[in-house]
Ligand SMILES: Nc1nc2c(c(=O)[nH]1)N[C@H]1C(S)=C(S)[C@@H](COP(=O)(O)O)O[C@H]1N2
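The chain below stands alone, shown as structure tokens; this is the form predicted on its own.
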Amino acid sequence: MRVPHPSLPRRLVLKGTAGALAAAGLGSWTTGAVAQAAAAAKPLPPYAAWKDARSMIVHSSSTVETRRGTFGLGVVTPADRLYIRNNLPAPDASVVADPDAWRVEITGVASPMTLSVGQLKSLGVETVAAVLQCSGNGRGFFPSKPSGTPWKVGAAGCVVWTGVPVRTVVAALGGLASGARYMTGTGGEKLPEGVDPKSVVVERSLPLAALDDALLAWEMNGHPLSLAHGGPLRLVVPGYSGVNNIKYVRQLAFGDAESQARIMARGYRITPPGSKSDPSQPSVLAMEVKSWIESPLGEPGPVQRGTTQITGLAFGGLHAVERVEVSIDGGQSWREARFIGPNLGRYAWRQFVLQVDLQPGTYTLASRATDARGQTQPQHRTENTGGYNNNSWTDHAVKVVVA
């Protein structure tokens, strides 16, 4: 039996279901592909049993991907379709029974203090729409097959976070102590016994500027943050990759040095092929401009000839996405697409559409986005041993047959 889970109100989702797409004539392939995939799918892990199984790909108990083509036409990704990536087992589910009791230690400020979620709620509140994306999203396109989950596009989503701004908390505690250069978040996952905690703890350091828009969030899409997505409290840092958005955050520290935890010092580094990771290599921090086609995908059968709406999603990391171009010939020529739906701010993704007339034949559909800095999505990926930060438009292109 599927456990009910509250989702965003319908008026904000903008008809994001496969049924709505099919009814509009924009996604007749979707229902068949989803039903076909669901028949062979692994079951969802118990803590995520409330998710829409038809829209998810279960890689393991800690890695669940949103199936391409099921994000829908809404800006906001419904909670039951949002991907999951856990580095360690979550705390006991009892922590979300009384979320206001969860406590987070704040250090590196004039008046260090441990605050409950209930106390945080009295300090202030803001809401931001932001893309959450796993650093390895797109790893499945690397021909070198790096170790790790072979995500394609579905380790991402755009959600609405609500919480107290980190800058507000810092101000309430008297401001930063002198010499602060980094903001370090530490997760409250279960740590295995008998090992050095620094070898496994989820602890990431970000440049101090990241605190300007960061939140200590207790809601997602208008509902209390679930255990699957870091509840009762998560550090949300808009524009930065998922690993830096610390789940079950139990400490927020400001200091003059990066964490020495293995996940920071050696993990999530852009390591050249054939090399071993080390602290001198670039860390996986801010996301880069990216886009991909959502429809048509040519599954399970040919696309019908005639007028076709090519739709997709685009975002810019720390910078708003300003332009998207679409190609139907594998990048030989490009046409500018138009944005549809509301603009929820620079950290949210945008839906785009290009209307084309497709006659019988084979087409390679691709998209490339440009952000407010003028940075354009590259043709090729940056090769690295971890399979991180793949925003290549070539990798994300799709081939469709039109009958």
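Residue indices: 1-based, along the sequence shown. All values reported here derive from a predicted model rather than from experimental measurement.
Keep in mind the form predicted in complex with the named molecule is missing from the figure; the text below concerns it.
J.: When the contact criterion is heavy atoms within 4.5 Å, does Y182 count as touching the named molecule in the model of the complex?
T.: Y182 lies outside the contact set for the named molecule.
J.: Tell me, yes or no, whether W218 is in contact with the named molecule in the model of the complex, where a contact means a heavy atom of each within 4.5 Å.
T.: Outside the cut-off, so no.
J.: Determine whether any heavy atom of Y248 comes within 4.5 Å of a heavy atom of the named molecule in the model of the complex, and answer yes or no.
T.: Yes, contact at 4.5 Å.
J.: Whether P165 contacts the named molecule in the model of the complex should be assessed with a 4.5 Å heavy atom distance threshold; does it?
T.: Contact check for P165: no, nothing within 4.5 Å of the named molecule in the model of the complex.
J.: May I ask you to choose, among H319, R81, K152, R85, the residue with a heavy atom within 4.5 Å of the named molecule in the model of the complex?
T.: Contact check passes for R85.
J.: So the named molecule isn't shown here. In the model of the complex, which residue out of G187, G72, G239, G140 has a non-hydrogen atom within 4.5 Å of it?
T.: By the 4.5 Å criterion, the partner-contacting residue is G187.
J.: Go through 285-293, 308-316, 224-232, 142-150 and give me the stretch that gets within 4.5 Å of the named molecule in the model of the complex, heavy atoms only.
T.: Heavy-atom contact with the partner occurs in 224-232.
J.: Looking in the model of the complex, is the named molecule within 4.5 angstroms of a heavy atom from every one of C134, V202 and V243?
T.: Yes, because C134, V202 and V243 each have a heavy atom that approaches the named molecule to within 4.5 Å in the model of the complex.
J.: Could you pull out the residues of 288-326 that have any heavy atom within 4.5 Å of the named molecule in the model of the complex?
T.: Contacting residues: none.
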